[in-house]
Each structure stands twice: as structure tokens, then as C-alpha cells.
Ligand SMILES: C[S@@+](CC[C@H](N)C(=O)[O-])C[C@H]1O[C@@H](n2cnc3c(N)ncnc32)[C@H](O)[C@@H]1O
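Here we start with a single chain on its own, the form predicted alone, put down as C-alpha cells.
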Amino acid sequence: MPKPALSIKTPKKQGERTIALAAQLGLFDKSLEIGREDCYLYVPLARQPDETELAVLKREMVETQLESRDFVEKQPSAKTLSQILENKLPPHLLDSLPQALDVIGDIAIIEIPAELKPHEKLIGDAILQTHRNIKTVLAKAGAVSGTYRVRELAFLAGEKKTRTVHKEFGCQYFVDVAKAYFSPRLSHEHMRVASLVEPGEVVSDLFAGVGPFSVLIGKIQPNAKVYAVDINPDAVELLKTNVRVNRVDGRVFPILGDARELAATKLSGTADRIIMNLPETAIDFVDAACQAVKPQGGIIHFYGFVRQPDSAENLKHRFTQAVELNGRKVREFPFVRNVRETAPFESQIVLDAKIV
């Protein structure tokens, strides 16, 4: 029976790009077949886009419009992880199977509960069966830690590798998951922040990693200048590659070094906008952000973890105090939201702060 839904009407020549963008924004309804008519595709949406998402669609897809129509529901897909393993694991362990995985390029990274450790190789092989686009399955073997923000990983199944190419909003990122931090769960944030950058702005990305914020800004706002800083030499080498392959040379400038030292010297007083995606310890670098932002002020995108009973309000208070200790003031927080759940009772929060 046909199912009515809102869709993106797009020329077939833009079809692949439109589908990828809708998926990155969390709009694509994968339960429905894509509609086809003459020279157009109709990409079904799971919900009405919000204002930010509409702005992204209009900017990225000039020949695109929203339209309601009927769609055919997809037939049941391949077996789920539980279905594949139901006769291979004790029944009481099926409920403990991982419900989510991070997919970076063709590498999947999962967290294996302690009770499933003896069966982790079996689980890795099953994931390869349920996700045909995945070539390698790795398991988290520790927390993100250290100055370089890397995580110990254990190989489970597929090709034994840690390097891949991840695609996001039309950009390609060379990533080595064993040597540099990268989270596909921040894709919406990458686009949200990049969409806010205006022509002529100078942006300092103080913990740039392989460049998902910086490269995307360079791609969609060619009249901005981005200083992409990281202390991890492996991350900066990958960042340089990503700047080159995405053709944002002359817009994005990779810099290897300590954010605090650079903010006090080369980047002092230069930035209209600061990105601080180092949620574990970003509060310790507010002094660097206050030094790097222009004397008249600017915007800081600050990321931090909040563990219950802590709250976003408390994080705002701590950030405000840190800014004032460095001779600046927070005029307002134009945007605050929970970016993602990172652990039970723990969230990553973003604060957009306008400081003077």
C-alpha cells in the first residue's frame, strides 16, 4: 500500500549527492523506495527539515524542492545481527548485542560488553554479513585518552587495517582510526557550524584533528580563512592530505602545535570564530580561545561533557567564569544543545557563546 511522505525533488544528475546529504542530516527515510519520474528523483524524508537543515539543502542543492507524494515501502532487508547469531549464542546473551556502531569509511567500530568478549570474533563476522559496505570490524579496547586523543582498538574481522576514507557532505577525509580521533556522530555539528561562517571570517579550529570542521568550512565558504591546529603530528599529516584532496588550499591552513602557545603568539587576536572540540578538557583552554579571538569579540563553539547530576546550565556557568577570569565577558549563548549521548548518564554538549 502506498505511503505518503514529504520528499526532496531533485534532478537525477544530483540524485546521489542529494541522498547522501539527506542521510547526513538524518532526514532520509530508508524504509521507503526512492521515487522516479522523468528526469527527477524523489528522496523520501522521515520528518520535516528544521530551519538549519532547510538552509543547508537550499545552499547545497540549488535545483531542489520539497514535495509530498506517495512512496512504496521497502521489502524486509537482510537479517539483523540478532537473527544471524540467534543459533550461535546462548539466548540470554542476545539482548547484550551492540545496538549501535560507528562507521568511518568502510570500518566499523563497536563496543563489546564484558559478557560477550568470548564471542567477539563471531560478532565481528556477523557484522560483516549484515553491513555489506563494511570491510573491517574493530572493537573499542579503551577510552579516548592522551595528548593525541587516540583510542586502543582490537581487530575483530575483515581486512586488518585502521586507515580508510570517510565521505561527509561531499568531502573526503583520509582517516587512521588508530592514530587520530574522528567521530562520524558529529557530522550534523560539522555542517551546522560551517553553515554559520560568513564571508571574510577568520576561524581558528584549535583541536582540528583530520579536519572535519575546517575542511567543510573551506569547502562551503571559500571567502573565509581557517587556521586548523592540532598537536598530533599524525592527525596534521592526514589533515594536510584532506586539505589537498578537497581542494581547499589557500583557505585552510594546517598548523602542528600546541593550541595555547599558538593562541598567545601567531594566532593572538586574529579570530572571528573559535572551534573548541575537545570535550574532555576544553575548559582548560578557554584562556587560549580568549587570546585568539579578536579584541572586539567573536563566537566560540565550545564542546564539553556533562555527567548527571551535572547539567548544561552548570556548564554554561563554568564556561562564563573561565571567560571572565581571562578578561572577557559572555554576552549571550545563542545556541545550546545536547549533541549526543556518549555513555549512560553522560552527554556531549555544545555551547555557542558570543564573547566581547
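Worth saying up front: this structure is predicted, and the values here are computed from it rather than measured. Each residue number is its position in the shown sequence, starting from 1.
Just so you know, the form predicted in complex with this ligand exists too; it's not on screen, but the next bit is about it.
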This ligand isn't shown here, but in the predicted bound form which of 194, 282, 157, 259 has a heavy atom within 4.5 Å of it?
-> 259
Evaluate residue 174 for contact with this ligand in the predicted bound form, applying a 4.5 angstroms cut-off between non-hydrogen atoms, and reply yes or no.
-> no
Is residue 231 one of the residues lying within 4.5 Å of this ligand in the predicted bound form, judged by heavy atom distances?
-> yes
Answer yes if any heavy atom of residue 209 is within 4.5 Å of a heavy atom of this ligand in the predicted bound form; otherwise answer no.
-> yes
State yes or no: in the predicted bound form, is some non-hydrogen atom of residue 213 no more than 4.5 angstroms from a non-hydrogen atom of this ligand?
-> yes
Would you point out which of 79 to 87, 242 to 250, 148 to 156, 216 to 224 contains residues with a non-hydrogen atom within 4.5 Å of this ligand in the predicted bound form?
-> 148 to 156
Establish, in the predicted bound form, whether 186, 190 and 278 all lie within 4.5 Å of this ligand, using non-hydrogen atoms for the distance.
-> yes
